[in-house]
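A lone chain, given as structure tokens: the form predicted alone.
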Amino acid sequence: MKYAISINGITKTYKDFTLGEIRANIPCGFSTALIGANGAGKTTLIDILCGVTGKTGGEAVYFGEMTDIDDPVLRNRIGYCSSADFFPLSWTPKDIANAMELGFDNFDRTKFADLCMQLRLGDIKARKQKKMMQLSDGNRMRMYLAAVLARDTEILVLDEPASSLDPLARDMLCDLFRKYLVERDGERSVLFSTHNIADMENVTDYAIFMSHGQIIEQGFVEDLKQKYLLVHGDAADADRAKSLMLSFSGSQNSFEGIALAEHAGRLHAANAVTEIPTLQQLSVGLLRKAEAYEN
């Protein structure tokens, strides 16, 4: 399998937080979600991969051959977008287009205008244009996305792109991801971070789960759904099932959590019901388990 990015033992040490050692492969041709609670280290990892911040140790290999993130040739192949203040708040869409043209030789001004219309940002050729500071958080993110998608890149690396978007805009973002991936017949990739996967599940092929600066699980979504089970049942059977479960939450009437699929037979013997989990349910279960371990 080809990898868009191979992460080999990357670490970053701050006074009150340590990332890594992170080891993961971002598969080429797919959309990968970096999933974790706020403070898990997702933004730190993305910023390292895109050269926004330095690393303490380790290495990232891009497209199987490049390691210097400061190489302008490599930067031209990566479409990076942060979640906040990506452009100065005093800029207009025209300012953004001018800056992107100067910074990247693969920026398409016409495509940027088309994307702004598609994302309901209006005609950027209009004489009177709003500055970034006049836009809502959601519309600022749409502007960021229009700018990065107007470049002809090989991987998109986006930090929390859906966090400020409404449900309709998130659905539009999923469509844009799919279009981006199919345009190069498997040669493009997407890596995005999120703390809430629900609205992005149908465009996530590969998932990397992070907690407290560490990767706790990773794999193709369909494989993970075969590895784990969603478990639920009546409260009267909770004690029998709990010892077989990785995460557990219960009420007066029922219980729910996740377990390894290899325990399916014993769970059924305990009168528990098992199902294939959604990615959201799997995320909650794995992150609950990690939090319980840390505490």
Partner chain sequence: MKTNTLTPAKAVQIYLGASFGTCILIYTGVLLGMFVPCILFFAASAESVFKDPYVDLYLYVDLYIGLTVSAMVAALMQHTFEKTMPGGKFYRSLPEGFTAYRKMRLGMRYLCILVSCLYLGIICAANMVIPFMNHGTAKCVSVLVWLVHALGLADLIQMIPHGTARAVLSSLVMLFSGFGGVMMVYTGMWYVTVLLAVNALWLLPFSYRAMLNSYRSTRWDV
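A quick note: this is a predicted structure, and the numbers were derived from the prediction, not measured. Residue numbers count along the first chain shown, from 1.
This next part talks about the form predicted together with the partner chain, which is not shown.
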For this session: Answer with one of D185, D123, D223, D105: the residue that has a non-hydrogen atom within 4.5 Å of the partner chain in the predicted bound form.
Result: D105
Seminar exercise, completed: Note: exactly one of I155, M100, V203, L119 sits with a heavy atom within 4.5 Å of the partner chain in the predicted bound form, namely M100
Problem set entry | Segment that reaches the partner chain in the predicted bound form - one of 71 to 79, 207 to 215, 111 to 119, 175 to 183, heavy atoms within 4.5 Å | 71 to 79
Problem set entry | Close approach of V52 to the partner chain in the predicted bound form, 4.5 Å, heavy atom | yes
Exercise. Within a 4.5 Å heavy atom cut-off, is L168 in contact with the partner chain in the predicted bound form?
Worked result: no
Exercise. Contact between E256 and the partner chain in the predicted bound form at 4.5 Å, heavy atoms?
Worked result: no
For this session: Indicate whether S247 is a 4.5 Å heavy atom neighbour of the partner chain in the predicted bound form.
Result: no
For this session: Taking only heavy atoms into account, state which residues of 35 to 51 are within 4.5 Å of the partner chain in the predicted bound form, ordered by sequence.
Result: T43, D47, G51
